[in-house]
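Here you get one chain, nothing else, as structure tokens; it is the form predicted alone.
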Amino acid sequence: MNSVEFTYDLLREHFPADVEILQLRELTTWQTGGPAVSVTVTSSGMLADLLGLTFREGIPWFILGQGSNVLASDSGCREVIIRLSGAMSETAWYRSENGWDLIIGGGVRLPSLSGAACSRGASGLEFAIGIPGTVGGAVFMNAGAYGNSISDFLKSVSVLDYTGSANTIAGEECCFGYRFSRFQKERAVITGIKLSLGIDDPAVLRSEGKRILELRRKKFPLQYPNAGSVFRKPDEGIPPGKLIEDAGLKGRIVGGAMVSCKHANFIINTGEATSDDIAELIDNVREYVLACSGILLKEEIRYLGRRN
């Protein structure tokens, strides 16, 4: 019995209706990856039980939202894939004279939240229109665009640690930086957050959201499977896309993976790419950029499973 089958049988004993073996290519925006055990978690209590069980049994886990910013191994992974749903994908809205306060589950989809905020007249999240992923993933990565980040509006974060113990962390204690938060170094699950937003005319916010979405469609290769920006902006401040383009790598191909001709910091799946194709192309880009500019690019994406 392999590790996936063993983990599946063990978890089925405790969560019979919520455990599946799925192909990671069905769960990730690059549309690559092999088999993994997936658990759909619908409440904080269920998540605490699951984390406690995996802690006792020594089973690794990985929180997966909408599958962006992730490169999953072609051979699958031994980590249990945890997906937040049910009560953990709901939003409560509270309006006062001074603005909006939101209590948001970690599994809420960021584009849906941004669109709903515009329609209600809650201002601040227009930058997130069209950014794929969940709220939990956005906080984990401190997602941002067009001069704003989610940390700008964050009041607190609710988490469960790897043993299943709950904690609430104030926004200023999250150690936010450029595409960084403390949660990247901690074994904890972001179960929910509190945001404070302003008030504006819904028509104005919808218009701004539409403008930003059109900018994204013009700038990024959204018609192909991709995981978003591959590399972080280096300390030198030069956009990775420019470094990659200056190295002559637009259109470079490995198997079914290609550096986008539209935006060089995107690697697209042209239809038949494997994760190994994408990983090899990432390595090639990093090596060429280093040779041409002396700058070592670091990935923004996360790897799931073993790299061959």
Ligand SMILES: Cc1cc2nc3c(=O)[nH]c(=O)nc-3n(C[C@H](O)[C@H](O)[C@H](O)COP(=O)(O)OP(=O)(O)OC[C@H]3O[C@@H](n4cnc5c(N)ncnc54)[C@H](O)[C@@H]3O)c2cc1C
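In this text, residue numbers run from 1 along the sequence as written. Just so you know, these numbers come straight off a predicted model, no measurement behind them.
Keep in mind that the form predicted in complex with this ligand is missing from the display, and what follows is about it.
Here the chain stands by itself, but in the predicted complex one stretch of 226-234, 116-124, 92-100, 167-175, 226-234, has heavy atoms within 4.5 Å of this ligand.
Taken together, Q66, I131 and R302 are fully in contact with this ligand in the predicted complex: each brings a heavy atom within 4.5 Å. Taking the partner from elsewhere, R182 is found to have every heavy atom lying beyond 4.5 Å of this ligand in the predicted complex. Of the heavy atoms in M141, some are within 4.5 Å of this ligand in the predicted complex. At least one heavy atom of A188 is located within 4.5 Å of this ligand in the predicted complex. In the predicted complex, this ligand stays beyond 4.5 Å of every heavy atom belonging to G209. Put simply, of L197, L215, L222, I238 only one has a heavy atom within 4.5 Å of this ligand in the predicted complex, and it is L222. Proximity to this ligand in the predicted complex, taken as a non-hydrogen atom within 4.5 angstroms, holds for one residue of V39, M258, V70, L243, which is V70.
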